[in-house]
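One chain is shown next in structure tokens, namely the form predicted alone.
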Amino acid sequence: MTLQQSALPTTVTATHPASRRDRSRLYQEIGMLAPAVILLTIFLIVPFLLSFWTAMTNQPLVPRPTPVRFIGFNNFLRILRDDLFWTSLWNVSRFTFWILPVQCGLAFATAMLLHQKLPFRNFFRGLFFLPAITSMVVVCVIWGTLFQYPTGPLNQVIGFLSGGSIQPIDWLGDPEWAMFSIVLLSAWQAYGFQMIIYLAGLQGIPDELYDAARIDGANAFQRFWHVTMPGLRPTHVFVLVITTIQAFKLYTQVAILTQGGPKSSTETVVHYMVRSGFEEQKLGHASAVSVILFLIVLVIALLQRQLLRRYDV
């Protein structure tokens, strides 16, 4: 009895430092998370909630004498009944479907090449990354010159190589070629960013894995398939997700080169939203488009991640 009574204060005294350490660790974790949570709240959650509220009203861009009214989901229903919205959604889906293999494949191939021990490889890394840091407006002006019909440099090269058998192509004026032209210049401008991410992923794969594969008699393709590809699984997921999100935000190229034409063949959701908000001054309508676009991108990103996880990519 005496021993039990004397042991109790000792146990209580021993738990105090542990609980104090737990509280200190908790405060430290909260302090580290706080800046990210505050920034996400200010720049993501609050703007989304404000956009959702504006989408439920007939808010114009410029204030008018008539009061702003709450109209519920009318803006969303009007958008879903608009053929031009579905055309723009189809166009941007088509653009995404084309840009993913072209841009990511080009970035991956370039990263694999520049990961080898080549002379001047740092110079070529900077050279290939240069378009990614060039303004999209400048890129559009350059490619707009290349796409000129019928005497642009690109048509002249094709005519020379084909001996004149291929007629000049109206790259931006033909509905069959306009979106392909946008894909071409977009992939060229942005692939450098994905290339840098792939290079970082390649440098993160330990050399010991390649040495062990060589000892086991694996050839170059087997080392690529069984060492490089599994080592780049997280990189593949990250690159696919960010490229998809960037593709759905397609706007600048369309606004500068085609303005959504010809015959709405390059109209995109963001271009449709900007026209509704600034040209037609329907801020509530444009906010509803932005909410729909956010939800579409969110669902696609989640599905993409689940699909890649299921196939262990």
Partner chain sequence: MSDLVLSTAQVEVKPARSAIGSLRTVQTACILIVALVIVSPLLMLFVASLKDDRFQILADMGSFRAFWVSDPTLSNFQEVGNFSGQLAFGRYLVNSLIILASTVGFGLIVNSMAGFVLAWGSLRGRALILSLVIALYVIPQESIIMPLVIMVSRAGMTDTFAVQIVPWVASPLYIFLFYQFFAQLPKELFEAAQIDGASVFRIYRSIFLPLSLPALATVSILMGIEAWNQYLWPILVTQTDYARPIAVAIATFFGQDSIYWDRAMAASVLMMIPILVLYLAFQRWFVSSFVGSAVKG
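Predicted model, so just to flag it, every value in this text is computed and none were measured. Residue numbers count along the first chain shown, from 1. Think of the rigid core as the biggest set of C-alphas that the two forms share within 1.5 Å after superposition.
Although it is not shown, the form predicted in complex with its partner chain is what the next lines describe.
Contact with its partner chain in the model of the complex holds for none of Gln103, His226 and Pro230, as no heavy atom of theirs lies within 4.5 Å. Proximity to its partner chain in the model of the complex, taken as a non-hydrogen atom within 4.5 angstroms, holds for one residue of Val92, Cys140, Ala178, Ile99, which is Cys140. For the options Leu184, Ala132, Ile71, Val241, the one in contact with its partner chain in the model of the complex, meaning a heavy atom within 4.5 Å, is Ala132. Residues of just one listed stretch (205-213, 162-170, 76-84, 148-156) have heavy atoms within 4.5 Å of its partner chain in the model of the complex: 148-156. Shown alone here, Ser264 lies farther than 4.5 Å from its partner chain in the model of the complex, counting heavy atoms only. When contacts are judged by a 4.5 Å heavy atom cut-off, Gln281 does not count as touching its partner chain in the model of the complex. In the model of the complex, its partner chain stays beyond 4.5 Å of every heavy atom belonging to Ala247.
Contact annotation for Arg25: at least one heavy atom lies within 4.5 Å of its partner chain in the model of the complex.
In this stretch, 64-82, not one residue has a heavy atom within 4.5 Å of its partner chain in the model of the complex; the partner itself is omitted from this view.
Relative to the superposed rigid core, Ile30 undergoes a CA displacement of at least 2 Å between this form and the one not shown. Leu40: CA moves 2 Å or more between this form and the one not shown after rigid-core fitting.
In the model of the complex, the Cα positions of Leu303 and Gly204 lie at least 3 Å nearer to each other than in the form displayed.
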